[in-house]
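Only one chain is shown below, in structure tokens, and it's the form predicted alone.
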């Protein structure tokens, strides 16, 4: 489908600023402060009150939940939606690139994620590089421009990758026995070397700038060092101004990255996928890294053969801050049922399971002062389910972001016929304009 069509569909969902909203008669799952039957008052995009009874302000919109379940918006710590491209695979260190430059607000996956209750997502660079590009946190504000998707104030991040993905050296598309497009590294040892070498360069670059700033403070006339856009994000990592989110699978490479980070004096914020995290959970906890994993994915590649569905629960019990992610536009729509699996595989409580897709990823992204739980003063990112969200029968009914209603299941169902008519009209207009465009293309230049 053409971008013009998606843009038109997106525009139909753009909503004005919302008045105060009261969601009453709801089973409120706060995640951090227990559960109760009552109401939530939303004012100016924030949660103003959450109690058994609240005062309804004049002019407020009142929504009777009818005993349905209200929870915080779901947060996905590893996603690639809303990005026109995610990999710069020509080099092994591509920290000069950034996902924010390729955000695509017309990606229908944003709306589908929203319909699954996801209100916040960490959009990562791909895993073709030992050190990949910069990533960005977004809110799924369907209908917004690219700038409107950005989660203002969220800590910036960068993607690292270990294992099979970054060590692929090219395609065997040449004569028998030959390979083309070869690129270093070609082994796991090489991946470690690339990361260590990059941070050695970053430390030297940092030192040059510190020397320059110190000289300038003394009143000396100096020529500033040449800027290096590849090294600047790594200096931010060294200074604690940018988080590292590292794609990994095997226990040995997890320990390797933790040692390298300790050597250079920075922390790994999250280990992504981390399917063998259960083997080294104590070491992960001691380093202070979080783990963002799958519920039960396994055997889809050689590195995933030792994956077990108990991974998340074991890491939780060993003191690791754990979240569940999707890494998939399709799986992103049902992270609530992914969380429920940890109750079967590991015996987590309902609250612990919900934490894996709400407050825990919020903490990993350092946005837990804004989202991740239903608390007064936080952003009004809320999801209303018809049944308990950990039930496989639960369906999202309404989704609020910053207090504005961005998804309504009843409205979606009622407007589908209208959207189909709009789609048909746009396609007919495109078809009619095609012959005229061909005539113009044939004109001599």
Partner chain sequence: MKPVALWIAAAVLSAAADNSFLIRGAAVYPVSSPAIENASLLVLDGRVAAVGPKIAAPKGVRVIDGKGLRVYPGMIDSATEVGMSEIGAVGVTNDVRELGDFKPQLRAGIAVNPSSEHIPVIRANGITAAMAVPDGGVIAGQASLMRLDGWTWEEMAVKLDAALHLNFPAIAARRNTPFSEAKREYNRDLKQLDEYLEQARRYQTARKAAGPGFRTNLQFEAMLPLLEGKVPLMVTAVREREIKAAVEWAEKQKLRLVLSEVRKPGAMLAELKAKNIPVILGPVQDLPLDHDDPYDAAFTLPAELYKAGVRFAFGSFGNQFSRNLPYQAATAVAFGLPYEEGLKSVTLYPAEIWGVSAEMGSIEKAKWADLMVTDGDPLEVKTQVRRLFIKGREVDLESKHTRLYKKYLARP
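Positions refer to the first chain, counted from 1. This one's a predicted model, so the numbers in the text were calculated from it and none came from an experiment.
The protein also exists as the form predicted together with the partner chain; that form is not presented, and the subsequent description refers to it.
Next item on the list: Flag this candidate site as yes only if 115, 308 and 334 all have a heavy atom within 4.5 Å of the partner chain in the model of the complex; otherwise mark no.
Entry: Contact check passed for all of 115, 308 and 334.
Next item on the list: Given that the partner is absent here, state which listed stretch (342-350, 85-93, 260-268, 362-370) has heavy atoms within 4.5 Å of the partner chain in the model of the complex.
Entry: Only one stretch qualifies here: 342-350.
Notebook entry, point to check: Is residue 416 a contact residue for the partner chain in the model of the complex, using a 4.5 Å heavy atom cut-off?
Noted result: Yes, contact at 4.5 Å.
Margin query: Is residue 147 near the partner chain? Define near as a heavy atom within 4.5 Å, in the model of the complex.
Written below: Close contact is absent here: in the model of the complex, residue 147 is far from the partner chain, nothing within 4.5 Å, heavy atoms only.
Check: in the model of the complex, does residue 412 have a heavy atom within 4.5 Å of the partner chain?
Finding: Yes - in the model of the complex, heavy atoms of residue 412 and the partner chain come within 4.5 Å of each other.
Notebook entry, point to check: Counting only non-hydrogen atoms and a 4.5 angstroms cut-off, does residue 297 reach the partner chain in the model of the complex?
Noted result: Judged by the heavy-atom cut-off of 4.5 Å, residue 297 is in contact with the partner chain in the model of the complex.
Check: Which one, 286, 238, 314, 155, lies within 4.5 Å of the partner chain in the model of the complex by heavy atoms?
Finding: Answer to the contact question: 314.
Notebook entry, point to check: Looking at 230, 188, 208, 279, which is the one with a non-hydrogen atom within 4.5 Å of the partner chain in the model of the complex?
Noted result: So the residue touching the partner chain in the model of the complex, by this definition, is 279.
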